[in-house]
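This document opens with one chain alone, in structure tokens, the form predicted alone.
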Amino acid sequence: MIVILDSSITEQSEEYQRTLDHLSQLPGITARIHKVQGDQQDLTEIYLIGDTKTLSADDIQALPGVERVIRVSEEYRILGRHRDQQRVSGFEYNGVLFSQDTLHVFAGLCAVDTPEHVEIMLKALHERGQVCTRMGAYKPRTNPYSFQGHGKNCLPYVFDLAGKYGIKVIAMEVTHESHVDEIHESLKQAGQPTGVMVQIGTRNTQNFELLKAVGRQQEYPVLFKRGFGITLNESLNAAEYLASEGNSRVVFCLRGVKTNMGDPHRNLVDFSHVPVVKRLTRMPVCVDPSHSVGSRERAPDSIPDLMHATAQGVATGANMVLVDFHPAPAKALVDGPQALLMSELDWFLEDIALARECYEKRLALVERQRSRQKL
């Protein structure tokens, strides 16, 4: 059961204390407080965990300061939508709004290799009005002898250059909770020139201890990638681990599923699940065409498969695109064959704009259809 307090109620108010005291004394029930960032103000939601079937929603609704009560009968208790369209979808971080209505492009290096390549990438993004990027410092690899990333050694120049070119949010994968501490310390030493969205990669989707650790920190939002070999339901439940520990600022990323039925693509593209995730949860949804397609191969129409896949995701309402670019793909230390060329950046951004325009026209068509039905 979720108890949503009125937006005017603060932790210092008498109503807040009386309601929290009452809920905390319910037998067999644990009350857990979550702060939710709305468009205009922060909201307080109290999650009642335990056997809530016998609780009266009307009695709790009558408590001081309670706006409404949602009885949860589905999975994804915190991140789920639960047929309540009034609940806040998304969050703001470092001046950038992430919601189920926005769209941001995180183009960048799958793996940081040199300061020169980082600067070329960030300068190009800045010149095109982009404020987000991806930069891989920690790289989990299938082969133990493959390049594992520069780790904390590259963070100082990545963060300095991000500040120089006005990049506000960097998506950066972590594979151990100590990496979050290293990112935090490097940002602090650099003077907080940018922000980081901590990324949980597909290999760590069910690394539950890592999820709990990342969920306990609430400074950085999380980009959570779907597991490549498990069901969507299993991945959504794994994302719930983050929220259950306190961090509900989560973006869910579709990156393809591992099966030879996707051949010759690297994975089977699963972007048809964009509207499914948005229907089941309140999370913004990201698509990763680079790791789904895995190459720069083109169709007879001369459009890369990767761009076709991106358009599919954006036209169905994706809120974020995570994509690999590199100034010299042949020299890239990780996933060079799938990285788009810097000369293709303008083309890629324009193609995304066309797909987004298509989605917006589809929304307008829905509104016209609703108007017809009311006549």
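In this text, residue numbers run from 1 along the sequence as written. Because the structure is predicted, anything quoted here is derived from the model rather than measured.
There is another form of this protein, the form predicted together with a small molecule, and it is not shown here; the text below is about that form.
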Exercise. So which of Ser248, Thr133, Thr194, Gln199 reaches within 4.5 angstroms of the small molecule in the model of the complex, heavy atom to heavy atom?
Worked result: Gln199
For this session: State the residue from His117, His179, Lys139, His82 whose non-hydrogen atoms include one within 4.5 Å of the small molecule in the model of the complex.
Result: Lys139
For this session: Please name which of the stretches 298 to 306, 123 to 131, 202 to 210, 269 to 277 has residues with heavy atoms lying within 4.5 Å of the small molecule in the model of the complex.
Result: 202 to 210
Exercise. Using 4.5 Å between non-hydrogen atoms, is Glu173 touching the small molecule in the model of the complex?
Worked result: yes
Exercise. Cys110: heavy atom within 4.5 Å of the small molecule in the model of the complex?
Worked result: yes
Problem set entry | Non-hydrogen atom contact Arg282 with the small molecule in the model of the complex at 4.5 angstroms | no
Exercise. Can you check whether Ala318 is within 4.5 Å of the small molecule in the model of the complex, heavy atom basis?
Worked result: no
